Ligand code: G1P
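For reference, the chain that follows is the form predicted alone, supplied as structure tokens.
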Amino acid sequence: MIKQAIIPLAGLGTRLLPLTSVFPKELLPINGKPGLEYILDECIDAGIKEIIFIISDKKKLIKKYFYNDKFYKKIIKKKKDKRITKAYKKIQNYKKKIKFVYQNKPLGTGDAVLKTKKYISESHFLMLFPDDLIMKKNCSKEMILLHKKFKCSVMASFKVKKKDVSRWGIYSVNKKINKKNFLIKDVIEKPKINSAPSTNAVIGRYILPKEIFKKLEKQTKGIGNEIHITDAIRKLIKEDFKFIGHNFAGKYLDCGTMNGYINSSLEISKL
């Protein structure tokens, strides 16, 4: 069973400037709740026991959010406000499950994942991208059930319009397992419309094997002079590691752009 999750949080969030000039994008409120807490709740509901945050020195406010005990104790003693007490207890519960590692140079998601190597103790782990919220249905829980059944890696997917494939990483499908799941043949980054192998797009939920660390240690920098997790995944697929693509049933919200961030609050308020 998957018990560990990693969440890369070291990115600067430039697409959400000027909001992120002083405040981490992951703590920006979405319908009155920090976006990161939606991800944490998904992990905990899926049975995750340990969550590893990958931050940078510039994102230390994230750590402070979970370790601001003196502030809360002083306020609670003075105010006697049940709402604040409840919120503090929730943060304390999160804190028990969180570890922090640092990625101070922006060398890509693959490099961020590699920073967690010494903490991963099981054969597979969950990775979630905080920009991607999936509401109504717990995508991580469904993926963990798939992993348990098929004993392999799982990556989230959803269908996009043909005209939009060049905005996404797109799966090449080996064969369908059922209506929601398929075996992955390859992952193509932002293909042209006429050469896209499918309309199944990559979304930020992954169950990955521990063997990926060996690939990341030897991997050379790719596009943008960064180490990309997708390149390591492709190498594993070529070596016959089994990866399942899961077309999840929940509602997908992209919080990584200004329009997406604003829309996410509006959509969640309707749920």
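Here the structure is a predicted model, which means the values were calculated and not measured. For the two forms, the rigid core is made up of the largest set of C-alpha atoms that agree within 1.5 Å on superposition. Just count from 1 along the sequence shown to find any residue number.
Absent from the display: the form predicted in complex with the named molecule. The rest refers to it.
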Exactly one residue in L36, V202, C43, L208 has a non-hydrogen atom within 4.5 Å of the named molecule in the predicted complex; which is it?
V202
Taking the named molecule in the predicted complex as the reference, which of K73, K190, K117, K137 has a non-hydrogen atom within 4.5 Å?
K190
Taking the shortest heavy atom distance, is E142 within 4.5 Å of the named molecule in the predicted complex?
no
Does any heavy atom of K251 come within 4.5 Å of a heavy atom of the named molecule in the predicted complex?
no
Evaluate R167 for contact with the named molecule in the predicted complex, applying a 4.5 angstroms cut-off between non-hydrogen atoms, and reply yes or no.
yes
Whether Y102 contacts the named molecule in the predicted complex should be assessed with a 4.5 Å heavy atom distance threshold; does it?
no
State yes only if every one of R15, F129 and D132 has a non-hydrogen atom within 4.5 Å of the named molecule in the predicted complex; otherwise state no.
yes
Heavy atoms within 4.5 Å of the named molecule in the predicted complex: which stretch among 118 to 126, 79 to 87, 167 to 175, 145 to 153?
167 to 175
Is T199 one of the residues whose C-alpha moves 2 Å or more between the shown form and the other one after the core fit?
yes
Superposing on the rigid core, does the Cα of D164 end up 2 Å or more away between the shown form and the other one?
yes
